[in-house]
Ligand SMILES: NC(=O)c1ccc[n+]([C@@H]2O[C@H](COP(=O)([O-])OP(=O)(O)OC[C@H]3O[C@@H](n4cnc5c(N)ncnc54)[C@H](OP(=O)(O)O)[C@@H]3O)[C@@H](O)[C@H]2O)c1
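Shown below, as structure tokens, is a lone chain in the form predicted alone; questions about how it binds or moves come after it.
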Amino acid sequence: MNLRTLEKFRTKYGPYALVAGASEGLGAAYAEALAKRGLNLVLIARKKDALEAFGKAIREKYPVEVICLSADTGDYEKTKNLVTALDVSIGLLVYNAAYCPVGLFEEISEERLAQVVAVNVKAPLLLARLLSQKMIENRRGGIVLMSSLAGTQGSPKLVSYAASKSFNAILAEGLWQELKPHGVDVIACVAGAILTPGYRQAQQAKAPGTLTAPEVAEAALKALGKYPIVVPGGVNKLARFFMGRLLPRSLAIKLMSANTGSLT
């Protein structure tokens, strides 16, 4: 990116970006991509030691300020209290935190299903509401919500996760239209398989269209302000088109089941 583009990005979405789920994988890739663009960071993650080590590495590599908040976004009240206590202006929210119980629905406990709602639905919904208020006042800012190709249709063995990711895509589309007149950009990143530590643990073989975390983060940030939805990767764009538009719903679900059946 040239200096003019970088300055425009900082002016629109700075001075601080909040990244939820930021200690590793895609969240870390978002944080580094934003640091490259000159934004200061507020990083939230559960793993305190990993988060602080990552924050230190970012400070040493880029001339930005980094604030690390150790919290489980499933505890929204704690997360809200930590964020509201900060004396910084947050111009960009990247909600990447997610909880994904793998297995048959009948085998997933009520507690784990409630955690899906707390982390994947309640927290991004309420954080978007909380942080967008100041963005509206300032008439600038942005929100990036992570969705998934799993949320394009029912996804066996990922049913609660897939449903929650569908929620985030629809939420982003509505907010894209509502907040645009206030100068606030919103986008949902509908990602396919991403090479993260969690993915490597759950899936032994790479799925078609698998991308690296930096590739996904860059695609989302470059599309912010242009579209309500971005699907990183050509293979994934085709998959979403066929699964969501051309195939009968029952066949799309069966095909997804064939891809998720080996998840553990």
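The numbering used is simple: start at 1 and walk along the sequence shown. The structure displayed is predicted, hence computed values, not measured ones.
The same protein also has a form predicted together with the ligand, omitted here; what follows describes it.
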Triple contact flag Val144, Val184 and Leu221 to the ligand in the predicted bound form, non-hydrogen atom at 4.5 angstroms: no
Which of 170-178, 85-93, 128-136, 188-196 lies within 4.5 Å of the ligand in the predicted bound form, heavy atoms considered? The stretch 188-196
Considering only heavy atoms, tell me if Ser148 and the ligand come within 4.5 Å of each other in the predicted bound form. yes
So, in the predicted bound form, is Gly74 in contact with the ligand at a 4.5 angstroms heavy atom limit? yes
Decide whether Lys226 counts as a contact residue for the ligand in the predicted bound form under a heavy atom distance cut-off of 4.5 Å. no
Is there a heavy atom of Ile44 lying 4.5 Å or less from a heavy atom of the ligand in the predicted bound form? yes
At 4.5 Å, heavy atom to heavy atom, what parts of 2-25 sit next to the ligand in the predicted bound form? List them in sequence order, or say none. Gly21, Ala22, Ser23, Glu24, Gly25
